[in-house]
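A lone chain, given as structure tokens: the form predicted alone.
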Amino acid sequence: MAVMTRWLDPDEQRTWRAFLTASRALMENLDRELQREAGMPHAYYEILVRLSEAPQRRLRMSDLAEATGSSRSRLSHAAARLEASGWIRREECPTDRRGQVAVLTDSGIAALAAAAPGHVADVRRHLFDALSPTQVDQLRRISETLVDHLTGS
């Protein structure tokens, strides 16, 4: 039995393309500015943030990959760069000989503290300053709905 495709109507197509373009442009701008101002891509910043918020500034690599939406191999590559910068260190997992734990170093905290004010200013300028308080609330609610739908939460 053939399945009928539900094509996007013109309003849905316009919304979809606007969402794609806005999402891509926002992330490209934030990534470029973090790279220029702090010497790190947004993906590295996100790893440092996640570790800074974790108990004892440490997470299993598999949990860190999940939290950042990275594949394990991509995270491993990023961790090698962050380790070479002295911002994290990797340790053997005490409960699993095959696992590793990423630990945020004092140097990593300092790098994050130096990068955060500029990044927050960029997020504010590119996202929140462009929206009314009502639009910010709508964006949050829409985003939470999509996260729940896409992650099965």
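Since this is a predicted model, take the numbers as computed values, not measurements. Start at 1 with the first residue shown and count on from there.
One more form of this protein, predicted in complex with a further copy of the same chain, exists but is not displayed; see below.
Heavy atoms of every residue among Ala116, Ser143 and Leu146 are located within 4.5 Å of a further copy of the same chain in the predicted bound form. The shortest heavy atom separation between Thr105 and a further copy of the same chain in the predicted bound form exceeds 4.5 Å. For the chain shown alone, Thr68 is a contact residue for a further copy of the same chain in the predicted bound form, at least one non-hydrogen atom being within 4.5 angstroms.
Although the partner is absent here, Arg74 is a contact residue: one of its heavy atoms lies within 4.5 angstroms of a further copy of the same chain in the predicted bound form. Proximity of Arg125 to a further copy of the same chain in the predicted bound form falls within the 4.5 Å heavy atom cutoff.
This chain is displayed without a further copy of the same chain, yet in the predicted bound form the stretch 23-31 from 23-31, 80-88, 93-101, 54-62 comes within 4.5 Å of it by heavy atoms.
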